[in-house]
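One chain comes next, on its own, written as structure tokens: the form predicted on its own.
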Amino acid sequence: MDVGERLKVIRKQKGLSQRELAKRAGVTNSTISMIEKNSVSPSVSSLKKVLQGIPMSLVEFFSDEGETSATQPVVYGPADFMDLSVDDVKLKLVGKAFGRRAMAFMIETYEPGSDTGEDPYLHDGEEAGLVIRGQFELTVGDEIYHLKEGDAYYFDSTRPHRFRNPYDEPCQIVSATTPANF
């Protein structure tokens, strides 16, 4: 998916100028312009910050409006996951056809050197996850935690947090976030 083009289309659909979106999101006008031109690739936290100015969640941003299902599947294969990836942070949402969800259940892959952005982010709800491969660094508040395969986390998402993989191998996490407006 072309993140810049998608942002531009949604911004225009909402009747927002680049300047107005920048003001609402608390970023510079040039930031919006560079994202829309694909001059820069925003981090997860940066994209979430920009989308708050619309307001819109990452799930809504990456979903296809036409995707609805009269009957909700119970089992989902990899082809049924919704891709919410930004750069080297690969996010796959399980149950993309599930309508009004209360949680976002994801498979996350952090490539070596990737992170969710320099600035920690926060939101209402809770987050939990289990490292199924590799290792990564989790920052919650002022604490930095080093998690490896088999370790798990659970925290209140109103605390500033970020995810980072400073290691030489990819890290894969199975996670859940509430509410689902990730």
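On a predicted model such as this, the values are computed, not experimentally measured, just so you know. One rule holds for the numbers: they count along the sequence shown, beginning at 1. We call the rigid core whatever largest set of C-alpha positions still superposes within 1.5 Å between the two forms.
Below: the form predicted in complex with the DNA, not depicted.
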{"query": "All of 13, 24 and 52 within 4.5 Å of the DNA in the predicted bound form, heavy atom check", "finding": "no"}
{"query": "Touches the DNA in the predicted bound form: residue 130 (any heavy atom, 4.5 Å)", "finding": "no"}
{"query": "In the predicted bound form, residue 146 touching the DNA (heavy atom, 4.5 Å)", "finding": "no"}
{"query": "Contact flag, residue 18 vs the DNA in the predicted bound form, heavy atom cut 4.5 Å", "finding": "yes"}
{"query": "Contact of residue 46 with the DNA in the predicted bound form (heavy atom, 4.5 Å)", "finding": "yes"}
{"query": "Location of the DNA contact in the predicted bound form, chosen stretch of 152-160, 32-40, 131-139, 52-60 [non-hydrogen atom, 4.5 Å]", "finding": "32-40"}
{"query": "Rigid core fit then residue 169 CA moved by 2 Å or more between the shown form and the other one", "finding": "no"}
